[in-house]
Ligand code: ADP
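Listed next as structure tokens is one chain, alone, in the form predicted alone.
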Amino acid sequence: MEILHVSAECYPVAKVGGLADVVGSLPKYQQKAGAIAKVVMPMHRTKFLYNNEWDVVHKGNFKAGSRNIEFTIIKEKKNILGFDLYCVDIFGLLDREKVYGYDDDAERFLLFQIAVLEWVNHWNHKPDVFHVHDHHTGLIPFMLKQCYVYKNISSIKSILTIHNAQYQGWMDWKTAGLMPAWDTWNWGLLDWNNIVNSLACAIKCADGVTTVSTGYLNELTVDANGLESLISSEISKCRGILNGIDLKVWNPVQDTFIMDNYSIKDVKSGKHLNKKKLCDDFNLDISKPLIIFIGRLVTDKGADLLPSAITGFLNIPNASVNFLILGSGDKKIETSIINMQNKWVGYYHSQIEYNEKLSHQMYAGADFLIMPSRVEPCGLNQMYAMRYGTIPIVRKTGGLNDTVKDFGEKDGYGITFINASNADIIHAINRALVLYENKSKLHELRSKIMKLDFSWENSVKEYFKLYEK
């Protein structure tokens, strides 16, 4: 079976969020399981592009309205990711450093998708499955079936994975008019509330739809940013398949980013040495429990709650805890988080950036990870944290509810709370501090979470069942 993954991101080529981690690891594990898995993405101008060797494998062109669009497909030479990686270049559109955030994103990703289809239309064979990820690639199932020029490849099946339904790829009809000619009687497949909605279109047109956890699929039927009725009506072709993590990349035994490698056998001493480095680097007290947040500083992740919740906690006399935040995103939230540093010297620090190495060091050195997410389709950070013996403090939503069981329940191992509110966050932190003082229980939970299996193997089997169906 040959699967072509189409995505805007792929770690370590270009990463904004968890989408990149999934696309950078799922194909590798599918390849190991006997499939032929490939990834095609835009040719973002990143360090990975310039630090590796590439072959030009295709050059083509197509009409987009009155314009002639020329594109190039390049292939990474050495297969260093464990699967074939292809990038699409369109001069002036895909040759940029950032993945998203441009005024012409709708046009950029539409023309990227057309280029992918034009390329596959020239193959000597057909892949079995187009696996498209989120709205950036959501028009491929539609164009595959509806655009006359792709008649020869229209039999290829398509699977959509929804990583985050809050972002839907809205565009005006003028931009959609850049697509190759199609049967306009079927305009309703593109339309949702009188505008072109790429994600809605993909849900309608794909042969199968997955979400990145079962909990998230259930939530989308009641809260999907306007697509609730559509998902409910298409539920028969939807299924939740929990993401996995790459156990080679996220492994404290062999992680080259961290200060001291460790396993379950020496987790206590290993975490102590890694915590000491973090505390030394950020002027924190190693004798206090260390709570971290890693992720995008946006309201979906509950990052806007952190300044007031942390301030409320540190205002308590003799508060004995450290906080360390790593991330970037909403400028207003960034400013609030930065402004706290001078007030809470020795208790609090933040780093406003994306930093892969530091994130590994934080998972290894922290005692607890907090995730107060309002929306969390799957969540990978809690899985990374548990791999390193760091206990997650999470809101019960989406994939967090699927992967973290409160230690107060039978066989539980994490800390959970219900509401995205300061009161619930502070209560959860208080529970963490009580747990921290119970060293035998703390060690028991660390050992338990490091044994949990969040590998891709089970998820890959579920994807294969779906493909075969």
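Residue numbers here begin at 1 and follow the sequence given. The model shown is predicted, which means the values in this text are computed figures rather than measured ones.
What comes next is about the form predicted in complex with the ligand, which does not appear here.
Engineer: Among 351-359, 217-225, 120-128, 178-186, which stretch sits within 4.5 Å of the ligand in the predicted complex, heavy atoms only?
Structural biologist: Looking at the other structure, the answer is 351-359.
Engineer: Considering the ligand in the predicted complex, which of 381, 397, 198, 211 comes within 4.5 Å of it through any heavy atom?
Structural biologist: Here the answer is residue option 381.
Engineer: Though the ligand is not shown, can you say which of 278, 258, 81, 326 has a heavy atom within 4.5 Å of it in the predicted complex?
Structural biologist: By the 4.5 Å heavy-atom cutoff, the listed residue in contact is 326.
Engineer: Can you tell me if residue 10 lies within 4.5 angstroms of the ligand in the predicted complex, counting non-hydrogen atoms only?
Structural biologist: Flag for residue 10 set to no.
Engineer: I'd like to know whether residue 262 contacts the ligand in the predicted complex, with contact meaning heavy atoms within 4.5 angstroms.
Structural biologist: Although the ligand is absent here, residue 262 would stay clear of it in the predicted complex, with no heavy atoms inside 4.5 Å.
Engineer: How about residue 15: is it within 4.5 Å of the ligand in the predicted complex, going by heavy atoms?
Structural biologist: Yes, residue 15 sits close enough to the ligand in the predicted complex that at least one of its heavy atoms falls within 4.5 Å.
Engineer: Examine residue 295 and determine whether its closest non-hydrogen atom to the ligand in the predicted complex is within 4.5 angstroms.
Structural biologist: Because a heavy atom of residue 295 falls inside 4.5 Å of the ligand in the predicted complex, the answer is yes.
Engineer: Can we say 26, 86 and 463 each have a non-hydrogen atom within 4.5 Å of the ligand in the predicted complex?
Structural biologist: Not one of the three qualifies.
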